[in-house]
Structure formats: structure tokens, C-alpha cells
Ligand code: GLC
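Just one chain is shown here, as C-alpha cells, and it is the form predicted on its own.
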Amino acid sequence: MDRLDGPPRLLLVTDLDCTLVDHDDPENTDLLRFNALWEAHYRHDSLLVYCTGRSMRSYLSLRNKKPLLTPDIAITSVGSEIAHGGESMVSDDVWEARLGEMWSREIVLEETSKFPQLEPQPDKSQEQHKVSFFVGREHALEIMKVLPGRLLERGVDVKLVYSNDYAFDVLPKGSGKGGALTYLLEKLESEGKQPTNILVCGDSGNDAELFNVPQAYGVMVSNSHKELLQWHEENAKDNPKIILASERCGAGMIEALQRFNLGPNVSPRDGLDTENFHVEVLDPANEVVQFYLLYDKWRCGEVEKSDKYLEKLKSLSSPLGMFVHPSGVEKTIHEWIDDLVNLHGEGKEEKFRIWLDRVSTSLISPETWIVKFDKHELSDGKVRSCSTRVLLSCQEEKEKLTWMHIQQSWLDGSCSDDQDKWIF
């Protein structure tokens, strides 16, 4: 939360599986739409919070499989873990200490072992403040009637969360997704950074308590599970701040931005004008997102193979501007653009996609910006990543931004098997 100097314009809190991440969409279409929208229009003044039932280990595994952006905060294990700081992921010790009151994992394991219907989930789903099982709904309802009392007799106060008709979680009393979000909001308020708006997004029963946070807008995506729909019918059907989206997963989240008037709601992936590519407002973050989307469309053959697109890219950069390839090779930006001719459409069969992450801008002079971001390329199921810095200058009587210099370096041991295909 230290990334922003003042209050966030929007605090967006979202579940992952079947909310932001659509496991029925191997192309990750709506996730990539959300990514482009967030980096172009929200990253600079808003906070992104992932709030998942997955353990930290399981969440990190998902990040290796799906094109997820780096969040500012990750709430994992159904609210029993909080980590701050984007890539660094520093655990919140205050929250952890709070959850340790009236909690004993050993006692929980002893008492739950007396219910043979409870099947322990794999080790990767277990955490210090979360004990998880698989169990059918009928047995779950019976166990939930008696287990809290037995644990309380032994000095352990718990919250039980049942979701998706199979997942049964035993948590410390004050945790859960709603408890974790309430704690974060209190922390932001104490720092003088109370968000202007809050949007919570979910699809299953363990998301229900997010919608109880009174100051938040809420969206239940159209593919929500029946236990969340039932909760909505019983508790929120007349609440105008909580909606059931007509779209599923990431598309439903974008729909909520529009319906609640919370800010830009057209993804650059939807609104890119390839015929008249020009960012009307001098917005460096939006500029780099749109530049790379045009490059993405060229590589995938989603625009015709025409010199006009290459000339359009050249018009955005200085003839003397340099691009330093992550391999160390240096050529002018225009020379690298000329190399794109032979790459038109070659990414279609390879399911090529690009997304930018952690876009940040710095005004270093009245007419010059440095834009920093991580660029990720997916091709043939393999992700390659690099850290990128772009120098942009305001040219021609401040009517447009001109690309003066691009420099990249490989991230996390990434490298391209074919250096000639890694451009920009």
C-alpha cells in the first residue's frame, strides 16, 4: 500500500478461480482484457487485491499458469493470510498475530479427526491458520452444528466456511475474506488512505462476506455458484450496491465498473483503433499498453499485412530512437519495426499473446517521461518475461508522445529460444 502517496481512487478486491480467472477459457480472453484495462487506466492510482481460498503456495502456482497481474495485496487461504508489496509478498505480521488468539491447529486437527466424513485436502491447501477438508453438503451442515461448540470448550474459537458443495475450511474466528478486507480498510484509514471507491468481486460461498462490507460495491459474476446466488436472494436482492452481472468472470468485473460508474470500463483490447492509432490524451501508461497491443495484433495476424501499420508504429518513435534488446543488441527502433515484416501472423498458431504488468510512470522533465513495466510474452505455452524501460518525449507542440528509447533485460532467467522473434 506504500506504492501510492495518497488514497486509492479504487480498491478492487477480487476472487481468482471462476471470478477473475475463467478456467473454461483456455485463451484467457477476459483476463487479458482486464489486464490491459487495469494497467492502462488504474494501476497508477488504484490498488488491486486478490482474495482467494487458495493457499499462498497454490496461488503462486496459479500465477505460473495464468497471465495474472501482480497485485498490491494478496489475501490467501480464505482470509487467513495477507501479504503486501507486489512481487515481494511480505506477510502481515500484525494480522497473523491477531489470528493466533484463541487458535490451535493441533486441537482443530484432533477434533476434526472425530468426523470420518471429513477428507483432508492436500498439503498444498493447508496453512497454519487454515485447516481444509472435502465433504458433501449434507454432512457439512451437520458437522457445522456441533464442531464450533466442541472447539470452543477447548479454548479454540473458529469460523467455518463451506463453498462449492465440497470445500470445508476451519479458520480462526476473526478471519475469512470479509474479516481480512475489514482489517485492510482499517489499516488504510489509519494511514489516511481510505479508498474513494471499493469494488468486491466473487462467485462462490466463501466470497459472501465480502459483500457484507457496507462501503463496498459488489458484483457476483454470472457464473456464480448456487450458494452465493442463494445468499444474494436472502440478503442482498434489494441492495443496489450489489449486482449480479450478465457476463461471466473478468467480463462481469468490467461490466461492474461501467454499471457503478467507477472509472474507465472499455479495455484497450476492445477499443484499439488500428486504423487511426493515436492516444488523444498524453497518457504514458495508456500509450505503452496500446503500442504493445498493436504489436500483439500484428504478430497474431489480427490486422492485415500492410505497410501502413508499420509506418504507424514508426510515426510514434524518433528516427534516432534506440531499442536495446535484452540480449544486448542495439538497433534503432525503426530498424526493429522493419524486422516485423516477416513476423506477421506467425503467432496465430502459437497462441501468441502479450501482457504488461506493473506499469509505472515518472515525469523526469516538463516534457519527458520514463515508463517502467514488465512485459510478458506467451508463445507455444511458454512465457518469457523482461523488465522494460521506455523514454517518452512530448513532441510537436505537445500533441503526441514520441518513443525515444527502449531498454529491456530478461526476468527470472527468461530468454528467447529465437532472438529474432523477440522484438520490443
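When you see a residue number, it is the position in the sequence shown, counting from 1. Not measured: the values here are computed from a predicted model.
Below: the form predicted in complex with the ligand, not depicted.
N206: touches the ligand in the predicted bound form, heavy atom cutoff 4.5 angstroms: It does: once the ligand is placed as it appears in the predicted bound form, N206 has a heavy atom within 4.5 Å of it.
Contact test in the predicted bound form: Q290 vs the ligand, heavy atoms, 4.5 Å: Contact check for Q290: no, nothing within 4.5 Å of the ligand in the predicted bound form.
is_contact(R54, the ligand) in the predicted bound form, heavy atom dist at most 4.5 Å: Close contact exists here: in the predicted bound form, R54 approaches the ligand to within 4.5 Å, heavy atoms only.
Contact label in the predicted bound form: V135 to the ligand, heavy atom within 4.5 Å: Although the ligand is absent here, V135 would stay clear of it in the predicted bound form, with no heavy atoms inside 4.5 Å.
Interface segment, criterion being heavy atoms within 4.5 Å of the ligand in the predicted bound form, picked from 165-173, 178-186, 339-347, 139-147: Result of the contact check: 165-173.
In the predicted bound form, the residue from L99, I82, V219, V78 that sits within 4.5 Å of the ligand by heavy atoms: Result of the distance check: V78.
S224, S125, N286, S267 - the one with a heavy atom within 4.5 Å of the ligand in the predicted bound form: For this set of options, the contacting one is S125.
Those residues of 97-124 which, in the predicted bound form, come within 4.5 Å of the ligand by heavy atom: Heavy-atom contacts to the ligand in the predicted bound form: only Q121.
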